[in-house]
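Taking the form predicted alone, here's one chain by itself in structure tokens.
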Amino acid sequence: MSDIIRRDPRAEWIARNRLHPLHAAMQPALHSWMGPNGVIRKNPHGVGFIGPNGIKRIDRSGAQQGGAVKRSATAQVQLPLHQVPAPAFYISVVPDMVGGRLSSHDRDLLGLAHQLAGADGAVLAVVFGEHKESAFATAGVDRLLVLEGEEFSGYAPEQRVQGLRAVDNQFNPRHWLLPDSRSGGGELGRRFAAALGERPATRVWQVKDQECIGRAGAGLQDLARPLARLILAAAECAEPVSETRHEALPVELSTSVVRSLSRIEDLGAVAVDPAAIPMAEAEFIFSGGNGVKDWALFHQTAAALGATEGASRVAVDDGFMARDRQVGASGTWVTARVYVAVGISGAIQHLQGIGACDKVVAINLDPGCDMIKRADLSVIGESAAILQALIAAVEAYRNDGRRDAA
């Protein structure tokens, strides 16, 4: 018998034709593999089999796999641990920590820091005051330095600059990374650059080939300059860390921070009307859809929660909300930390518009709708009864706080 391997043109054509009933049978049997960082990857298109009528079937009972026991959906995947026992240098990151937690902008910044750190460097995160974040390890922090004290609380850019100078003297980072944002990182980075006598690279969206590429000309042009020591990066400057977990070892300053005579008096936070906050900048959005039957109760709940009101396209088209309150691909793309969807089924355009939201809460009667599948927390029931219970819970919480203060 000849050892010559002969081609089968018909089989090759079937393997290329995704509409052919035997297309899946001609594909390689590899359904999962290990990525370069040790994370198991799966091919969702490789699941299933072709039935006798040429229709692809997916058997989730395990019978087609020989009765294999399926892994629990709640099982946690253990990411490979990235360790730097003796860092050759540090890349310091000062996240905004809005609300005491890492934002998506902060995570992008940590991803950029790991690009600059490579295999020999370590990412040092500098956090001011108390925080609520518990996922520094999975966000890519190798060393964590928390500068505590009342002098760093509130709006205290001068004292924070003194703290960063103390960190610079002790750790001598190769690069400083701060978010170029309106949440404090942009101002703090420019003040810190003036204190160090450095010329920062601002509005940086890419670091490549020892160059910083930033926005210029009202965001219409790109400006390339040599890699700076102090970088103020824009959102989506890099992919966040997702395939490794890190030590997040706590470190401390060897010397105390010099207290500066502040020329700024912090008068505290000022109450802002949630309705006056633009949708794209709102941190807490309470959005209603076709399932809302009592809109007066909806507005009352939003006022009790102090949330910015939003709406689906159906609610806007029906005249219940203004056009500028529409959320979605055909309306406004939002990046809220908490997004509450009341009576919204979850059209694809709406889900695209809330894709960058951190936490999504869904209130709906249909447990199988797409919004329930997208939500981090779901409440199944009549919206009117749930909203009334929510208002009562908020009022009880506030009354207890007033009695404790008294």
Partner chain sequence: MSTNVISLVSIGAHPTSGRPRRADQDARAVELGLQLAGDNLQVLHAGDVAEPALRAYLGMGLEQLHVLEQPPGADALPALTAYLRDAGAQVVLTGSQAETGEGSGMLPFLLAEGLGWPLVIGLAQVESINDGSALVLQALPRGQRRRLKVKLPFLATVDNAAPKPRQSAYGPARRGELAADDVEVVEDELLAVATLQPAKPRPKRLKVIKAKSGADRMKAATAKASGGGGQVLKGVTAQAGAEAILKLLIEEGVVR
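Residue numbers count along the first chain shown, from 1. It should be emphasised that the depicted structure is a prediction, and the values quoted were computed from it without experimental measurement. For the two forms, the rigid core is made up of the largest set of C-alpha atoms that agree within 1.5 Å on superposition.
Not pictured, yet referred to below: the form predicted together with the partner chain.
- The stretch from 85-93, 121-129, 193-201, 309-317 that comes within 4.5 Å of the partner chain in the predicted bound form, counting heavy atoms only, is 193-201.
- The closest heavy atom approach of residue 282 to the partner chain in the predicted bound form falls within 4.5 Å.
- At the 4.5 Å threshold, heavy atoms of residue 26 stay clear of the partner chain in the predicted bound form, well away from it.
- Taking the partner from the other structure, the partner chain in the predicted bound form has no heavy atom within 4.5 Å of any heavy atom of residue 333.
- Taking non-hydrogen atoms only, residue 385 approaches the partner chain to within 4.5 angstroms in the predicted bound form.
- Of the candidates 222, 148, 324, 294, 222 is the one whose heavy atoms come within 4.5 Å of the partner chain in the predicted bound form; the others do not.
- Residue in contact with the partner chain in the predicted bound form (any heavy atom within 4.5 Å), chosen from 108, 168, 133, 247: 108.
- Proximity of 234, 239 and 361 to the partner chain in the predicted bound form is complete: all three residues have a non-hydrogen atom within 4.5 angstroms.
- Shown without its partner, the chain has 242, 243, 262, 263, 264, 265, 266, 267, 268, 269, 270, 272, 277 in segment 241-277 as residues with a non-hydrogen atom within 4.5 angstroms of the partner chain in the predicted bound form.
- Taking the rigid core as fixed, one finds a CA shift for residue 178 smaller than 2 Å between this form and the one not shown.
- If you fit the rigid core between this form and the one not shown, you'll see the Cα of residue 333 move by 2 angstroms or more.
- When the rigid core is held fixed, the Cα atom of residue 202 travels less than 2 angstroms between this form and the one not shown.
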